[in-house]
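Let's start with one chain on its own, the form predicted on its own, as structure tokens.
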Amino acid sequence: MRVRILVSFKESVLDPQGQTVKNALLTLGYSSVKDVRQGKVFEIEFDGISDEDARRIVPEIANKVLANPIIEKFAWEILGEAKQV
């Protein structure tokens, strides 16, 4: 089973890299770009666990290791099913 976890800054946290990319896009003429937020993507492959077990441990892994819950949020998906935290 493969799980994809997307980690990004919370909306209230300044994202300087995203702002830099936005400014570059505007400079290149993409005037319809309203905002850009950068983030990280993790893919974890599990062996021998159920969907129920994955639903329990993926948020634990994301909160303890992959994301800083003070400034970051994460979303994850398993078998095409999206979960937002």
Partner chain sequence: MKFGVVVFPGSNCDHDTYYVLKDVLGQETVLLWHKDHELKGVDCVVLPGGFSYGDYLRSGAIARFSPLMREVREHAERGGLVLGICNGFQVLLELGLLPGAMLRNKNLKFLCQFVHLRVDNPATPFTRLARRGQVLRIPIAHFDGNYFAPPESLAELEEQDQIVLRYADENGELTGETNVNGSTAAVAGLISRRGNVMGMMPHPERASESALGSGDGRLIFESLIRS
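Residue numbers count along the first chain shown, from 1. Since this is a predicted model, take the numbers as computed values, not measurements.
We do not show the form predicted in complex with the partner chain, though everything after this point is about it.
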key: Contact of residue 23 with the partner chain in the predicted complex (heavy atom, 4.5 Å)   = no
inquiry  = With the partner left out here, check for me: in the predicted complex, does some heavy atom of residue 40 sit within 4.5 Å of the partner chain?
reply    = yes
request  = Considering only heavy atoms, tell me if residue 72 and the partner chain come within 4.5 Å of each other in the predicted complex.
outcome  = yes
ask   = Is there a heavy atom of residue 9 lying 4.5 Å or less from a heavy atom of the partner chain in the predicted complex?
value = yes
Within 4.5 Å of the partner chain in the predicted complex: residues from 45 to 67 (heavy atom criterion) = 64, 65, 66, 67
